[in-house]
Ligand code: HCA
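As structure tokens, one chain now follows by itself in the form predicted alone.
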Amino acid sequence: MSLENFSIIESTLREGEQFVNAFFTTEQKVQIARLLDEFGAEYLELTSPLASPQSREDCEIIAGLGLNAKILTHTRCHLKDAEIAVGTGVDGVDVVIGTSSYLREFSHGKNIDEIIALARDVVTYLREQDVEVRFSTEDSLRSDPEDIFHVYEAVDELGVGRVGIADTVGVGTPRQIYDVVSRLRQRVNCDIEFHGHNDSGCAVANAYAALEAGATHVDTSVLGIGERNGITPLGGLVARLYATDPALVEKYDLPVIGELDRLVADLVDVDIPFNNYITGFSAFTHKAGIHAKAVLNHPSTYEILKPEDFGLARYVHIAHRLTGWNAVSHRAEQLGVALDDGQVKRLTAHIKALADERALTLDDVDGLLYHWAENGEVSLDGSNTS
């Protein structure tokens, strides 16, 4: 297994635009594109220029920004679509057609042989235009594997740059994804891209399994936004790879993830989930006394990610009944408050007793620390005990 040579195809400006609350203006798209480029995403995928006149103009504008990332757009497997896509000046065209029985019957109505014939026409044209070409089967996990392998082998012979496995409805499991990608890896020479939806909560695990099996590219979006429950979140994929080996993601500017999450959350009018990968408000918060003591002694005891590598800091929460005296002592040191261990232990017991009666804030605890240092210990009823 080798995970070193992979690329991110960042699809916030394509898949993400399908999110129910996404109504990006051109200026907002440019802002997102520049920030993704600053992060270091190798590719940015944009909405098909066939979607609307503004979508076509946006492709032209972003393709002309001179970013380091390669600019892609996404089209149906139609020759006319491909011609229009090339005309926008993008670096690559991502072609897609459904291969599951559902889509063949209820969408385009073509059988596998007809799909291959159409693919040959479109891929041959794009290969002549000096653009990168990816050919993807939509709803791959509900397609007959032999059908999609037959299609992939046909376009691989034409010199396509990548073929794509798309778990369009999020039905796949990591084991299934690993199986189909590893089998495909044995049958084609080109790169392999994975696009996974999150309907059943497996998008990050499935993307990682695809890379383990030999995929070279993974589609992501900021916060995972996209159709329905979205796709593999950029931060989630980075967190998973970092947890395996931080060197896998050292090519990216990791602190930019926070900027991206905040920007996109604001633009689509959602809150960043409290448990979001990396940027959730509690992602690096420690509360239980035993955990806090260990983290203060050696952060890796309860942190698989180093917050400082992402431009963040850990927070040891002490204003509650689960707090421990080591955490309270650490807070006293931060504030420059001089209390000996005995005093800190008695204050911790005092904090626990207060927290049993009412919710406390950090300001409450800080006030107690200052008061005990300046005026002596205070009992639960507020009287001075020294």
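Note that residue numbering follows the sequence shown and begins at 1. Predicted model, so just to flag it, every value in this text is computed and none were measured.
One more form of this protein, predicted in complex with the ligand, exists but is not displayed; see below.
From the list 111-119, 134-142, 202-210, 277-285, the contact stretch for the ligand in the model of the complex under a 4.5 Å heavy atom rule is 134-142.
In summary, among the residues Leu305, Leu312, Val96, Leu267, the only one with a non-hydrogen atom within 4.5 Å of the ligand in the model of the complex is Val96. The partner is absent here; in the model of the complex, the one residue of Leu223, Ala166, Leu72, Val180 having a heavy atom within 4.5 Å of the ligand is Ala166. Of the heavy atoms in Arg162, none are within 4.5 Å of the ligand in the model of the complex. The ligand in the model of the complex is approached by Glu15, whose closest heavy atom lies within 4.5 angstroms of it. Taking the ligand as it sits in the model of the complex, the stretch 179-214 comes within 4.5 angstroms of it through a non-hydrogen atom at His195, His197.
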